[in-house]
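The chain below stands alone and is given in structure tokens; this is the form predicted on its own.
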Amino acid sequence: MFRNESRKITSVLCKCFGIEFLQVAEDITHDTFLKALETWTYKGVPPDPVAWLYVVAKNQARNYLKRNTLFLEKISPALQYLNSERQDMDIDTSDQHIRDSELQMLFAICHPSISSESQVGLALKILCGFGIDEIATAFLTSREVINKRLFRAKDTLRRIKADIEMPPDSEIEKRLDAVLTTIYLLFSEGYYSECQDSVLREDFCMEAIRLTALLLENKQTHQPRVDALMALMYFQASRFPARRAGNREIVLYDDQDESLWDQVLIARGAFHLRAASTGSSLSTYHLEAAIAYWHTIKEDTPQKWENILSLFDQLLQIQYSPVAALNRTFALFKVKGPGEAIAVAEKLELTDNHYYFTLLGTLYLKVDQEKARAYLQKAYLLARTSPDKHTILKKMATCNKS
């Protein structure tokens, strides 16, 4: 209930109060769930628990307004709104208003005045219902660091009084970029989880998909690149059941059981990829979605890897990233063999990245066993989680057998 409803209550209250009272909205939401825990434990869950939560949240808000004079003076119109005896002036808890409030809150959180890390952190906490400890684990840092980061971000939003509303058409393009980046990073945090207890955070990924669905429901934000991002996430999510063995072991692509791939999600991804083909713009999400599509075809054919290599070339022309360059090198290996791929890979010099050394170790397996082993040992030392270390050890065992 908390995971599903807290974000909605916070968004609706914050929409009513204003972004400068984001912390107040969060506190009222937490108090509401605490009251539910205390009450439902002894009296049982009410027939309509969601309606119960909203009634309590409204009462908590009214009580807060009455207690706090300064708050009262600043948002007296909101107080009148809450205290109105007319039922139709009550806080709007219709599904449409809740969805609109969440989407508007997403745009407020993704304000360009705060860093992308803070945007993701706020999205995880406010719109996805994750706790500080979970966020700290995802970012491989301490709860103190996350608390400070979120405090600074909230303070910035409060200071600039960011509007909780959809940007005007003239700004939607720029602001949508920040929103899509936040959702993309949120999905990546789940897909490439570095949590010690899990190789995959499906809850993060599913929240990213849910937020993208909100964008697709809105006429202003239903754009081809949004469809492309949704296609990318569906294609990636289709392999979740085959991508891990238990919580602590990654199953690499070549070793995955194709029968475990979710064909429904693949079909949804194909639907959104087709929808993304309208218009004349080509985003990085289009290219990554197309790459992900080819990975839903398990057969190892020259056509597949030539297409993937071509897509990576286009992707790097639009927006260079070391990760994309690293992944392109594997596609190059599949098309042209280890020699050319090794030459390109060594020029990348990503010496602080264990994936880089893992790739080099893989490329050298059939060329130079000693170098392969040395690179895999470097990868093992740089890897930060037990699942990654376990995967590297398995590769080293293969190397020793060879």
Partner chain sequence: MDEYALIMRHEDGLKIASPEQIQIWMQQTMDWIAGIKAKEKYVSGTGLLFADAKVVKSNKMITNGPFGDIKETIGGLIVVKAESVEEAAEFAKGCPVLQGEGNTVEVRKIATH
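Residue numbers count along the first chain shown, from 1. Bear in mind that the values here come from a model prediction, so they are computed numbers and not experimental data.
What comes next is about the form predicted together with the partner chain, which does not appear here.
Of the candidate stretches 357-365, 339-347, 370-378, 30-38, only 30-38 has residues with heavy atoms within 4.5 Å of the partner chain in the predicted bound form. The partner is absent here, but in the predicted bound form a heavy atom of R143, alone among R143, R210, K298, R152, sits within 4.5 Å of the partner chain.
Using a 4.5 angstroms limit between non-hydrogen atoms, P224 is distant from the partner chain in the predicted bound form. Although the partner is absent here, P241 is not a contact residue: none of its heavy atoms lies within 4.5 angstroms of the partner chain in the predicted bound form.
In the predicted bound form, no heavy atom of E288 sits within 4.5 Å of the partner chain.
The closest non-hydrogen atom of E134 lies within 4.5 Å of the partner chain in the predicted bound form. Scanning 1-18 for heavy atoms within 4.5 Å of the partner chain in the predicted bound form gives M1, F2, R3, S6 in sequence order.
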